[in-house]
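Just the one chain here, laid out as structure tokens, in the form predicted on its own.
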């Protein structure tokens, strides 16, 4: 079977863009588990909130990028409220407890979204319909913008974690939180900061992805399996692993759909199982100690 090179190129760009969305969603979940040992499935709620706020602000002002900024801010504020009111009380509990709690928050949040915005899917206008020629293939510029946003976010997170005192403290706490506490650092504040950053990135993911889909209250649940795979394959707490894993899953889904659509949904699971058999901690993960 021969494939049209133009279709392959289009699929590669599609895979890069969806991989960028997976990265923005998964990096927060990865850092939350790596640092706080909580399974924060409520990140998918902030993703949905970011998309709906982007829609509402865009309709009210006609400014899509203002809507994206508002969506990211809304995700961060919602995550701050949840961390202060709920997760701060359960950090010492087993990770399974946090997973159940966050899953309940996700479903409760979906109910609130339905109450506020209704159940009818909403379209968000693409900010640009421009096309860019890549080797004879017309590629939507907006998909390239998504890839660029993911690259910039990766660079900023890397710089924050490696070049700032607070970021280095977060990295150290991922390895051993007791040692960081012994240095007199307020780990609780690190938890809060990490949680807010994660929520804001999830809201950003929802905002930038909104024009490519219909904004729907259940959109977070539709991303659950893929984001979870990205986190597990990449390794908990590793931004490099999360980025590489998101790239792999994005390309597998995109090119798999082009080659044989039914296998595209199963292939990521097969890859995840194969990697876990070889490296149980993921591509770049480290063995985690209990809190």
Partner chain sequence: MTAAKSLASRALSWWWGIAATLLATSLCAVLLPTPFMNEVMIFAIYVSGCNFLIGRLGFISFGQPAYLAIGAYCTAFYLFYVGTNPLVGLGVGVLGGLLGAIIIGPFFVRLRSDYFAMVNLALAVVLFYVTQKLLVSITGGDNGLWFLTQMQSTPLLDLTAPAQFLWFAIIVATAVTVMFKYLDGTIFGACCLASRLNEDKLQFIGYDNFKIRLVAFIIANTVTALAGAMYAIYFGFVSPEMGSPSRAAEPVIVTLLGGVGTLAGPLIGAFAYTGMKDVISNLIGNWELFIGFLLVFIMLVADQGIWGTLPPAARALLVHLRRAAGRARN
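Numbering follows the first chain given and starts at 1. Everything quoted here is computed from the prediction, not taken from an experiment.
Just so it is clear, the following notes concern the form predicted together with its partner chain, a form of the same protein that is not shown.
*Asks:* Does the 4.5 Å heavy atom contact test between residue 229 and its partner chain in the predicted bound form come out positive?
*Replies:* Output for residue 229 is yes: heavy atoms within 4.5 Å of its partner chain.
*Asks:* So in the predicted bound form, is its partner chain close enough to residue 33 to count as touching (4.5 Å, heavy atoms)?
*Replies:* Yes, residue 33 is a contact residue.
*Asks:* Does the 4.5 Å heavy atom contact test between residue 265 and its partner chain in the predicted bound form come out positive?
*Replies:* It does: once its partner chain is placed as it appears in the predicted bound form, residue 265 has a heavy atom within 4.5 Å of it.
*Asks:* Contact with its partner chain in the predicted bound form for residue 65, defined as at least one heavy atom pair within 4.5 Å: yes or no?
*Replies:* No, no contact at 4.5 Å.
*Asks:* I need the one stretch from 128-136, 199-207, 149-157, 109-117 whose residues put non-hydrogen atoms within 4.5 angstroms of its partner chain in the predicted bound form.
*Replies:* Answer to the contact question: 109-117.
*Asks:* So its partner chain isn't shown here. In the predicted bound form, which residue out of 258, 69, 39, 247 has a non-hydrogen atom within 4.5 Å of it?
*Replies:* None of the others qualify; the residue that does is 39.
*Asks:* Of the options 141, 214, 100, 80, which one has a non-hydrogen atom that comes within 4.5 Å of its partner chain in the predicted bound form?
*Replies:* Checking each option against its partner chain in the predicted bound form, the one that comes within 4.5 Å is 100.
*Asks:* Checking a candidate spot here: are 90, 218 and 235 all in contact with its partner chain in the predicted bound form (at least one heavy atom each within 4.5 Å)?
*Replies:* Yes.
*Asks:* From first to last in sequence, which residues of 61-86 have any non-hydrogen atom within 4.5 angstroms of its partner chain in the predicted bound form?
*Replies:* Residue within 4.5 Å: 86, and no other.
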